[in-house]
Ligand SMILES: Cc1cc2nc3c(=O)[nH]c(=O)nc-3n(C[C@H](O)[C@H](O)[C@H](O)COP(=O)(O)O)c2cc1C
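Heads up, the chain below is alone and in the form predicted on its own; it's given as structure tokens.
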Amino acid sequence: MEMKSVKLVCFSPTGTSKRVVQGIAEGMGLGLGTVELIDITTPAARKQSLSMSDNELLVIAVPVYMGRVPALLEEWLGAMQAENTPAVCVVVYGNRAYENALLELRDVVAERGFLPIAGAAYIGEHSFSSDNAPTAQGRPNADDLRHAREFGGKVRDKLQSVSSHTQLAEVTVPGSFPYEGRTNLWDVDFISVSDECVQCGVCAEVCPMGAVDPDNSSRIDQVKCITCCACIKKCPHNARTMKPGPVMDAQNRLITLYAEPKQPEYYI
């Protein structure tokens, strides 16, 4: 089966989901048509809807938030339109557990007219990870990306083994329904801004929710904030750190309870 185009969709505040989906695309190699990366991390990017046909391929990767697909993506995902478009569903989690997120993502894309043919779960550096309290630091690493390329090759082989999408089998992935878990995130003041801040505006640019005031980076809309820590990790002056409180407490629990490295998994 020949693909006219491949669309790589990712929500990736700190870049981990993006690296994984690009690794999968590398493993697919040539012969799958034009490849387009659609990064829906910023609010402006999520204003554009996605429509695909049956001779295209969707590869979509999202982070796991508390065992679920991020609730903030519900509107964008719900607006997708497809006509039996083959889809590869990928979740990226911070070495704790992906719980029902992969099943949820598979079900969501199926409801929008896609045909989920493969799924995978990868490990990315946890958003709460820091040099002092590292959780899955540096993931996805070289081995993870090697696994992603291998997975991409398996997807390519599955597509090339049939002449029509009607011959493709829907993938089975782990998980249970109802999905359970929380979809709402913390409303908490947890970011400290030091005198090293020069108001360069990088934090406001990288925030996926527009929660940082571009004119005063110490002003953060706690309701909009999803605790992704992109503003902390990407500050060029290291002016943003985590305050003592519930988020730092969670950071410390992670390094205690989830120090053993998890390994990526794929289903096809």
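One rule holds for the numbers: they count along the sequence shown, beginning at 1. On a predicted model such as this, the values are computed, not experimentally measured, just so you know.
Form predicted together with the ligand: not shown, discussed below.
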In the model of the complex, which of the listed residues (Val59, Met28, Val64, Cys207) lies with a heavy atom within 4.5 Å of the ligand?
Val64
Exactly one of Gly152, Gly94, Pro86, Gly119 has a non-hydrogen atom within 4.5 Å of the ligand in the model of the complex; which residue is it?
Gly94
Hey, of 210-218, 195-203, 43-51, 225-233, which bit sits against the ligand in the model of the complex at 4.5 Å between non-hydrogen atoms?
225-233
Whether Ser130, Pro134 and Arg240 jointly form a contact site for the ligand in the model of the complex is the question; each needs a heavy atom within 4.5 Å.
no
Can you work out whether Glu125 and the ligand are in contact in the model of the complex, taking contact to mean some heavy atom pair no more than 4.5 Å apart?
yes
In the model of the complex, does Gly15 have a heavy atom within 4.5 Å of the ligand?
yes
Just checking whether Leu185 would be counted as a contact of the ligand in the model of the complex - the rule being heavy atoms within 4.5 angstroms.
yes
